[in-house]
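First, one chain by itself in structure tokens, the form predicted on its own.
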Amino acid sequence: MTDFIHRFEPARDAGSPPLLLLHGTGGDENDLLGLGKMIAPGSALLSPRGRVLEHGMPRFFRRLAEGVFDEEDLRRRALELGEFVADARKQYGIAAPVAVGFSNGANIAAALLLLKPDVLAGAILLRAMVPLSDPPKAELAGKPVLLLSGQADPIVPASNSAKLAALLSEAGARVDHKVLPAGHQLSQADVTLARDWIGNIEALV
């Protein structure tokens, strides 16, 4: 299996879609397990640790400055993550997962949707921004995406998250974009909206 330190928790409800949990900068494979259990209690949880270190903090890809991505590294790391998911699916016997990514994890999930659409069944993107300045023409064919942005987010401008929603919609995804009265950190509203959204797509995945 592609060399990601990770946690896996098997499903308790065969009807719930598996989740791929992707942490933010400085997080690890344990960070989003609680969130995963809150939004989809019966789902299998696959949670890798980012393999890039920034001042000792794990990330999924390198950046040149806050909000400025090393896009060559991002493309390479997204493809590595896609290989890890494919290997994990075989090892653990799970279907294509729905990504649940926060911040840096949401950005690599968005890149994965654009670069390797078949890897994910859908995505919950928490505080994501446009990952690639020159994205490929992706065919997302109705893939469900929930994009939750913070109105007072100091890292992701509202225009950027709106651009990401448009980009994914143009590629054919079914995007539900909500702007919450929040900053970059997650709120109870994120949990509630994500849980309701997962409940609505379970029949479709």
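The first residue of the shown sequence is 1; numbering continues from there. Every value quoted in this text rests on a predicted model; they were computed, and no experiment measured them.
Keep in mind the form predicted in complex with a small molecule is missing from the figure; the text below concerns it.
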If the cut-off is 4.5 angstroms on heavy atoms, which of these, 136, 157, 41, 67, is the one near the small molecule in the model of the complex? 67
Hey, in the model of the complex, is residue 63 touching the small molecule, heavy atoms inside 4.5 Å? yes
How about residue 16 - does it come within 4.5 Å of the small molecule in the model of the complex, if we only consider non-hydrogen atoms? no
Applying a 4.5 Å heavy atom distance criterion, does residue 143 contact the small molecule in the model of the complex? no
Which of 160-168, 54-62, 174-182, 27-35 lies within 4.5 Å of the small molecule in the model of the complex, heavy atoms considered? The stretch 54-62
